[in-house]
Ligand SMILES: Cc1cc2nc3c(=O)[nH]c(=O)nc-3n(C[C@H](O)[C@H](O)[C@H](O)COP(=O)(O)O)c2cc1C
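Let's start with one chain on its own, the form predicted alone, as structure tokens.
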Amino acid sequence: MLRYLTAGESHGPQLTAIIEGLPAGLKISEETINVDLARRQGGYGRGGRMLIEKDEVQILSGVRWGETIGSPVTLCVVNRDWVNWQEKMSPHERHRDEKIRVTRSRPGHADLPGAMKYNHRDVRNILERSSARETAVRVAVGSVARAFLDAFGITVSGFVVELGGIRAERRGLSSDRLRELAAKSELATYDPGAEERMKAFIDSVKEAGDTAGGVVEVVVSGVPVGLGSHVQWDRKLDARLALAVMSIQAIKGVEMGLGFETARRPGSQVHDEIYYDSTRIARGEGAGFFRKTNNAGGIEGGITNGEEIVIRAAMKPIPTLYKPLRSVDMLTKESFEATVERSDVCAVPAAAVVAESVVAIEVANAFLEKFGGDSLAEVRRNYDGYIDYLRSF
């Protein structure tokens, strides 16, 4: 089983993750992880924090000479802005300063419910951990999971498919071509025409002191039949993917395949018919069974069916506005304009990278549950034997 924990605050010294369950022999490097961290920081509409931070990972344990050794892997991303917050975020009692506490909670954030839950009179204690800054180290974990999946020919790709009501058109392009186009896009989308309209929308909401949300999509290609299970609710892979994606800050909705559209169509336009072609096996496919449509998004009954996994998530506009909304001071109960923390106008492209990462983690976990071993070589033997079995089914 692959599991991980993250720790750290937005303006603390660093963000940390510990990963347990990686097999020995997996090649990983700080340089590869840093590529994904840079992708998360990019994108049209990002704010001032991205100019301060240049995220880079440090591998602190579990890797020797470029390969995992089977023990827990520790990843660290240093917060460069910590130099300006050492006393404000100090762990030491001597640095306590009641004059700097934040008592005006912001609408749309975890500030007020978090303060009420944990009995804080300073919402800084909530907003520091609830901040999307935490996703930096989750992207680092996802990059490691992606390296594992790459070893078995599984690719995970994230796209922006809608922003401000403007939709990107796929136009029948292959997944490889979509990735090529999205890699060149400041908005991680594959439709250049839609991208220009999206940028204009972001500019307009910035001018108005407002923010923009959108929809991201993650596509996982090369997944074998049989990951996940139908036998218990918490083993269904689509449920686990939905949980992982929904856990991303600002995500308010998740769907698989056709998703909510399935409720609007008759069954004949929803369910994917099954076909068989023996020549697929000769071409190196995992099995002769296939579907010409993928309305299910690659998962049926909680189990992967061999088609691409397709999952989408709706990201709300960032709630920190430069034209702030009304709120109430926690202590005086007086009405105020909400305080403004440094923020983005639009972080939807970053959400696509984060969604990629958490999906990669869950797929890698399901893969290891199915083909687990203590070394990469053992996992590969188990996987190859299963693929041979599928081809003869």
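Small disclaimer: the values here were computed from a predicted structure and weren't measured. A residue's number is simply how far along the shown sequence it sits, counting from 1.
As for the form predicted together with the named molecule, it is not shown, yet the points below apply to it.
S.K.: Tell me which stretch of 223-231, 142-150, 106-114, 75-83 has a heavy atom within 4.5 angstroms of the named molecule in the predicted complex.
M.R.: Careful reading of the contacts points to 106-114.
S.K.: Does each of 130, 250 and 350 have at least one heavy atom within 4.5 Å of the named molecule in the predicted complex?
M.R.: Yes: 130, 250 and 350 each sit within 4.5 Å of the named molecule in the predicted complex.
S.K.: Heavy atom within 4.5 Å of the named molecule in the predicted complex: which of 304, 320, 185, 157 fits that? Just give me the one.
M.R.: When the named molecule is considered in the predicted complex, the option within 4.5 Å is 320.
S.K.: Within 4.5 Å of the named molecule in the predicted complex, heavy atoms considered, which of 197, 316, 167, 101?
M.R.: It is 316.
S.K.: Contact with the named molecule in the predicted complex for residue 27, defined as at least one heavy atom pair within 4.5 Å: yes or no?
M.R.: The answer is no: residue 27 has no heavy atom within 4.5 Å of the named molecule.
S.K.: Mark residue 344 yes when one of its heavy atoms lies within 4.5 Å of a heavy atom of the named molecule in the predicted complex, and no otherwise.
M.R.: Yes, residue 344 is a contact residue.
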